[in-house]
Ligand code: SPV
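One chain comes next, on its own, written as structure tokens: the form predicted alone.
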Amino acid sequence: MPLSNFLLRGENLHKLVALENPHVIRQVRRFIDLCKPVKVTVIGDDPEEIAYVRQLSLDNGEEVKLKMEGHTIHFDGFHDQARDKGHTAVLLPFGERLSRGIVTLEREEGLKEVLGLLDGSMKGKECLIRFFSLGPTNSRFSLCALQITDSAYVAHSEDLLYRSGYEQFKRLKGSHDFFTFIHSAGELDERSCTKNVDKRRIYIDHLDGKVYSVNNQYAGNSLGLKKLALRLAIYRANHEGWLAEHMLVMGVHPPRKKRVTYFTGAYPSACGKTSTAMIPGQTIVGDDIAYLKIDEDGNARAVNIESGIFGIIKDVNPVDDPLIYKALTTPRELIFSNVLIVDDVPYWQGMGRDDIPESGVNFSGEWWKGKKDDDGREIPFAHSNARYTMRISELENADPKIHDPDGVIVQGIFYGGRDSDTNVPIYEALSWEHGVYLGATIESETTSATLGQEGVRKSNPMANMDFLVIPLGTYLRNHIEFGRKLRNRPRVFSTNYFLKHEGVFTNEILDKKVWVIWAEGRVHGEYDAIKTPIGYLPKYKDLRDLFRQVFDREYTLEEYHQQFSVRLDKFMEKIARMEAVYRTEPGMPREFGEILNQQKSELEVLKAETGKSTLTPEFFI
């Protein structure tokens, strides 16, 4: 008799039967029989059931209580600290291919391997069956997600990050229109961390709407509803004419004006996405993943598919990120991961304290200053990719429309990366198509958010390249066509918070508030701009006035020239890199090449006519 017949009884079976969905029951039975847990618990929307999950994580040792009420600490294994791009693969039918950098695997081969690894992976452990909604419940944006996991930490994280969806599953009325995520942390060590990370696999089967994840705990690898769900949604969006994006959603509130203007924004990991969404005086709808659809009036509307934040904690301090820092240092339900713990108090890199202890417990186990890893490298007191997980609704700046089933009307889009020598802090695209080009040509230096070498400049289209399961050319064409269907197109802006001069950042961290407010004013026609080959630049007078208004600070003409001069040589070097990157990419939209060639030609003419490598904004007036 199948194991699931013994484990699915009584209340657990009743909850599944009440969904009136044979597809759900079939999936649950299949993976119980495969993974072979010792116990199964089906969790609905009841707060008491959800509280059981948090307590189970504590009882299992996956989380430990800290001194502050509601705070806990979770440690991923030493070698399980970031997204494992090398072992994350899209499963494709034999003979199919995707774009550069997207790891793929022949579907039948991949399924055989990962199902083999999942076979018996939950022995001796409790399996949790969870139901979530991607996006607000009872909304045309909503997608249902079934999570099957043996990690109470994963399930607890999802309770902070996503909306409970048991009742949403009932609205399916028996349909198989839902995603399924199967996860097992595998065999655990004495710290309740995954042991066999060499067998870590994260496989995306978009043809079947499933993600398989085994032998890992780091949330980017294990939480099916995180970036793994984004991959499945991108595939679906491309076939249905909407957008699934690695984007923040925020409300921009200009000073002395009673209005709010909603923006989305795409930034690679550790490039300022969360800090933009958390700019003081603005409101946050979401900081990571958005769905965008067209409403009956021709507007782009967006929702945050999440209801929480899984944020990088490095450099969060009371000066640069006062709202997040306050949330991290006051009582609430919150999970820290991979920081230093001393006397049940967390410490992280860049938190603004000079009294960091020289010993404690961190992601490496017992830690002391000077401790080295097996390769002789000194282990930091906290990991550079350490995280915090909490609900957005508990932030002081949570937007009142965070759970609005209709979403918010998007009037502006930001694209940004890490760029020390080329892009100006902000400029506006010349058209929607040019805006797609700006998104497609995002470059950024690699960070500790992904495994591998740091500090390498790389192309990351729409900050979404890691998550594509369709050809890049198809994805970009979908963006162009989406915009052309809109009657009210958002304005598109390029941002860069990381410009340097003689090795020193030219911007203060909070200067982004001025850039964002200028963009909001452009949406409403309040500021003129300077047209250049790269886009529309702010005028000095407008930025000077905004710095006085926002920060009561003088913004000098010298600063303006240093930050907003057009670096002809650097832009031409970037164009050359983009030509090399996209030369062999099949199916690229015609508009991309036209914009690239036009910009290249105009910059070359300017270089030849002026003999200069840099031109101030006034040159173009």
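Start at 1 and count along the sequence shown; that's the residue number. The model shown is predicted, which means the values in this text are computed figures rather than measured ones.
The discussion below concerns the form predicted together with this ligand, not included here.
Have a look at 221-229, 410-418, 520-528, 138-146 and name the one stretch with heavy atoms inside 4.5 Å of this ligand in the predicted complex.
-> In short, 221-229.
The single option of Arg107, Arg163, His246, Lys513 touching this ligand in the predicted complex, heavy atom within 4.5 Å = If I apply the 4.5 Å criterion carefully, the residue I get is His246.
Identify which of His206, Arg200, Arg387, His434 has a heavy atom within 4.5 Å of this ligand in the predicted complex; exactly one of them does.
-> Answer to the contact question: Arg387.
Verify the flagged residues Ser57, Arg130 and Asp150 against this ligand in the predicted complex: is each one within 4.5 Å by a non-hydrogen atom?
-> No, the whole trio is out of contact, none within 4.5 Å by any heavy atom.
Is there a heavy atom of Arg83 no more than 4.5 Å from a heavy atom of this ligand in the predicted complex?
-> Arg83: yes, in contact with this ligand in the predicted complex.
Evaluate Asp321 for contact with this ligand in the predicted complex, applying a 4.5 angstroms cut-off between non-hydrogen atoms, and reply yes or no.
-> Residue-level check for Asp321: no, no contact with this ligand.
Applying a 4.5 Å heavy atom distance criterion, does Ser269 contact this ligand in the predicted complex?
-> Although this ligand is absent here, Ser269 would touch it in the predicted complex, with heavy atoms inside 4.5 Å.
Although this ligand is absent from this view, report whether Trp242 comes within 4.5 Å of it in the predicted complex, heavy atoms only.
-> Trp242: no, not in contact with this ligand in the predicted complex.
Give, in sequence order, every residue of 284-314 that has a heavy atom within 4.5 Å of this ligand in the predicted complex, or say none if there are no such residues.
-> Counting only heavy atoms within 4.5 Å of this ligand in the predicted complex, the contacting residues of 284-314 are Asp288, Phe310.
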